[in-house]
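Only one chain is included here, represented as C-alpha cells and corresponding to the form predicted alone.
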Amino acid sequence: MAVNPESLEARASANAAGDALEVVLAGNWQITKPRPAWPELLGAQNPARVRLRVDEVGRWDTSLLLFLFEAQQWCRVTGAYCDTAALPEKIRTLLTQLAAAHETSVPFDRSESFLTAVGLATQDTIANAREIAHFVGECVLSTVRLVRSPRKFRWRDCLEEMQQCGAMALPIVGLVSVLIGVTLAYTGAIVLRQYGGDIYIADLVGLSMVREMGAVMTAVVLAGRTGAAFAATLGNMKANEEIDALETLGIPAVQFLVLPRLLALGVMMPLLALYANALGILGGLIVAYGLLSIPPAAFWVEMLTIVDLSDITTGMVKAVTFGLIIGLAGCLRGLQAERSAAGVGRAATSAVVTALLLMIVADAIFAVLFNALGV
C-alpha cells in the first residue's frame, strides 16, 4: 500500500474554542524540509490560552523545537498561557534548555497565572531546602568521621585554605574595620556633642564593634571574597568532571573538598573578627581624639566600663556561625553549579547571595536569643 507523501509533511492545525487555541502538530518535522510558521498559523487570532499537542508527529528534529519555542515566546510576550502539559517530557526538557540559551529582554513571564507562579516558586523553595538539609547532614557525618579518624583528614589542604581565607584577607578586613569605626564615631559624635556626652563615643564604638559590626562586616567581606571563590573553584572542578572522578574512586567530595574549607573558615572567622574589633575601636579612638579631643587613655577606660567578656563572647559566637554559613553556601552552590562557564559564574553569585541572606537571618535570631537570655 503506497504512503501518501503529503501525510509525511510537517503540518499544524489550530482549533479555537472560546478564548483557547489548541494547536495540533502532525507529520515529520525536519529542518531540511518546509515547515509551518507560527505567525501564519495564528493569523489574526489573539487567544488567552494556547495548548500544544504533538500526538501525530512522526520523526522530528530541531525544526519541531523551533516552532514550539516560537509559540512559547509569543505567549510570553502577549501574556497568554502556554499549556505544554500534553507534550512529552523529553520535548519539554529540550524546550526549557532552548529557552535558557535564548534569554530575552522580557522582564517577566506573564504566560503563567499568579497561582501557578506561586506554586512553582513554593516547590522550588522546598526542593532547595531539602538540598540544603541533605548537604548539612553530609557535612555533619563527615565531621563525625573526622573526629573518629583525624589521620585521614587532609590537614595540609586545611592549612592552605586557612592562609587564603585568613592571612590573605587581613588587609581588606583591616581597611573595612577602620573605616567602620571611623564612621560610627563620626555619626555618634553628631548626636552626643549636642548633649555634652562626648566621652560616651567610646561606649558606642566599643559595644557596636564587639557585639555586632566586627563579626558582620568581616562576614560580608569573606562572603564576597572567600564564599565566591569556594563556589567558583568547586564549580570549575565539576565542569571539568574532577568531582565525578573522585566519586568514581570512592572518595566522598564532601569529606575531601568541603570539610577542609568549612574547618578553615570556622577557625579563621573568630580570629578575623577579633582583628576587626581591634581596628574598628582604633578608628573610633582616632576620631575621638582628633574631633572631640578625648585622650586615648580616657577613651579606653570608658570603653571598658561597658564592654565585658560576655560581649566579646557574643561576637565570637556570631563569627563562628557566619563562617560556617559562608563555607556551606559557597561549597553547596559550587557542587550545584552547571557544567559550563556561565554556570560557574551563576554559582559564585548565588553563593554570595545565599550567604548574605542566611547571615542576616542568623543575626536576627541571635539578637532575639541573646535578648531573651539577657546576654
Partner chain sequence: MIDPSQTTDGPAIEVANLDCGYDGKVVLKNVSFSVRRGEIFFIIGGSGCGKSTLLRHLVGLHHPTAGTVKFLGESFTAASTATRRGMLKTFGMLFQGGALWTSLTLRQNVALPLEEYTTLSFREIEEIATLKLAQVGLGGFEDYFPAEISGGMKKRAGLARALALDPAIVFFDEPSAGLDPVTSRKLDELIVQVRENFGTTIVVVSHELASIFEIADRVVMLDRAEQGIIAEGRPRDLAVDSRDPRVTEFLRRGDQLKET
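Nothing here was measured: the structure is a model prediction, and the numbers come from that model. Numbering follows the first chain given and starts at 1.
One more form of this protein exists, namely the form predicted together with the partner chain; it is left out here, but the text below deals with it.
Engineer: Tell me, which of L249, I190, V147, A85 has a heavy atom within 4.5 angstroms of the partner chain in the model of the complex?
Structural biologist: The option sitting close enough to the partner is L249.
Engineer: Identify, from the list Q73, Q255, Q164, S208, the residue with a heavy atom within 4.5 Å of the partner chain in the model of the complex.
Structural biologist: That would be Q255.
Engineer: Residues in which of 209 to 217, 236 to 244, 194 to 202, 281 to 289 have heavy atoms within 4.5 Å of the partner chain in the model of the complex?
Structural biologist: Selected range: 236 to 244.
Engineer: With the partner left out of view, is K152 within 4.5 angstroms of the partner chain in the model of the complex by any non-hydrogen atom?
Structural biologist: Yes, K152 lies within 4.5 Å of the partner chain in the model of the complex.
Engineer: Heavy atoms within 4.5 Å of the partner chain in the model of the complex: does R156 have any?
Structural biologist: Contact with the partner chain, yes.
Engineer: Report yes if any heavy atom of R339 sits within 4.5 Å of a heavy atom of the partner chain in the model of the complex; otherwise report no.
Structural biologist: Because a heavy atom of R339 falls inside 4.5 Å of the partner chain in the model of the complex, the answer is yes.
Engineer: Listed by sequence position, which residues of 199 to 214 have a non-hydrogen atom within 4.5 angstroms of the partner chain in the model of the complex?
Structural biologist: Residues within 4.5 Å: none in this stretch.
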